[in-house]
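One chain follows as structure tokens, the form predicted on its own.
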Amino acid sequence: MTGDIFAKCSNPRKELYLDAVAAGYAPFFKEMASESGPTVVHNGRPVIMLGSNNYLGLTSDERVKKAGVDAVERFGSGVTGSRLMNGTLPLHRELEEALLDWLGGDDCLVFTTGYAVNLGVLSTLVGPDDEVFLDSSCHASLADGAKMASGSTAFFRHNSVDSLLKRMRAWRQQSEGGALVAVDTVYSMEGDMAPVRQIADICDEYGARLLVDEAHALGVLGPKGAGLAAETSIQPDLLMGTFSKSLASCGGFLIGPRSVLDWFRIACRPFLFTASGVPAALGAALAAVRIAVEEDWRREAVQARATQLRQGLLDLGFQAGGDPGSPIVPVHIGDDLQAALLWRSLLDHGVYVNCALAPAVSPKRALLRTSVMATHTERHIDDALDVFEVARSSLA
């Protein structure tokens, strides 16, 4: 009898997920019935939102919302075409220019999603004789982009400059091809930051190009929120970012040399063969960029609330992580079941967090991922800390 391609869809991992759904302990696909602010409505009641990437609190800003509405009124609900064909609007050009004014660089391309940026960069650049070097904790979009590339992939230990150096040295001894090092500047689960200065130095020494993914740093770190690369005064060869976090919308962008981006315009499949972002997303992102640059209080507030939350969790005896300045504060649990039980107890008591289990994190390294917004108040964080204490006690 021939095999059935659907057979792999029945497996222990799926059964465990369905059992968790049936028992009410699956921490995924929860419906939020209001905008993503410091609190959200879930199951008909308000809960403190500590699970959003809305770091600057701009998704509910009236200026951002109005810009999205105005874009729909002017350009309609969608563009029904790719950037290559009929899907490029004046908003794309304005947004690309605003990003260059903010972040510097030679040229900029706006993509429909941030995920597509990383898929496109790696699959377009890394050819048969080339190698891409990725941190073992890199975002899935980088790992998937490497799978799509025709070249080789080497993973180095998380944030280990020595591990990267060892792999780069071994590669150069046996290859004359090109190399790309691609790193997140702030890691989405751990909330820690890449040693980008040392990584840039290794790239210079071995003739590799450097891509930095500023998705979780943009708007929060660096001068005027320009990211970790700007904070550490390095000039990466390529810089990508997203609109789906601090910039209150959806989409992504790539900044780099014009000669490279001109090639992407005609060769990057994730850019060429997908519909352009909808006008509302472009209009909202453009307004958010302008606000993010000007309103420094948002950066100060998000970092203050993250510090308050991290220290409060440590004082309660939780194993809280994340580097200073990061808006992400992971609470390390270890055991998947214990993480899911605490997640559920927190939600029952009025706080929503993200529960990260394998394969999002390494096995036996489950964590609760919390993150803060500039629009959280000190009272929001104090109330959330009270809930953490109560939720833990309820499981004892």
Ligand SMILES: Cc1ncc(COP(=O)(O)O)c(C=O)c1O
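Fair warning: this is a prediction, and the values are worked out from it, not measured in the lab. Each residue number is its position in the shown sequence, starting from 1.
Below, we refer to the form predicted in complex with the ligand, which is not included among the displayed structures.
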The ligand contact in the predicted bound form: residue 225, any heavy atom under 4.5 Å: no
Residue 246: touches the ligand in the predicted bound form, heavy atom cutoff 4.5 angstroms: no
In the predicted bound form, residue 308 touching the ligand (heavy atom, 4.5 Å): no
The ligand contact in the predicted bound form: residue 135, any heavy atom under 4.5 Å: no
Listed residue that, although the ligand is not shown, lies within 4.5 Å of it in the predicted bound form (heavy atoms), from 159, 232, 123, 188: 188
Single option in 139, 83, 299, 209 placed near the ligand in the predicted bound form, where near means a heavy atom within 4.5 Å: 139
Listed range touching the ligand, judged in the predicted bound form by heavy atoms within 4.5 Å, from 106-114, 255-263, 271-279, 169-177: 106-114
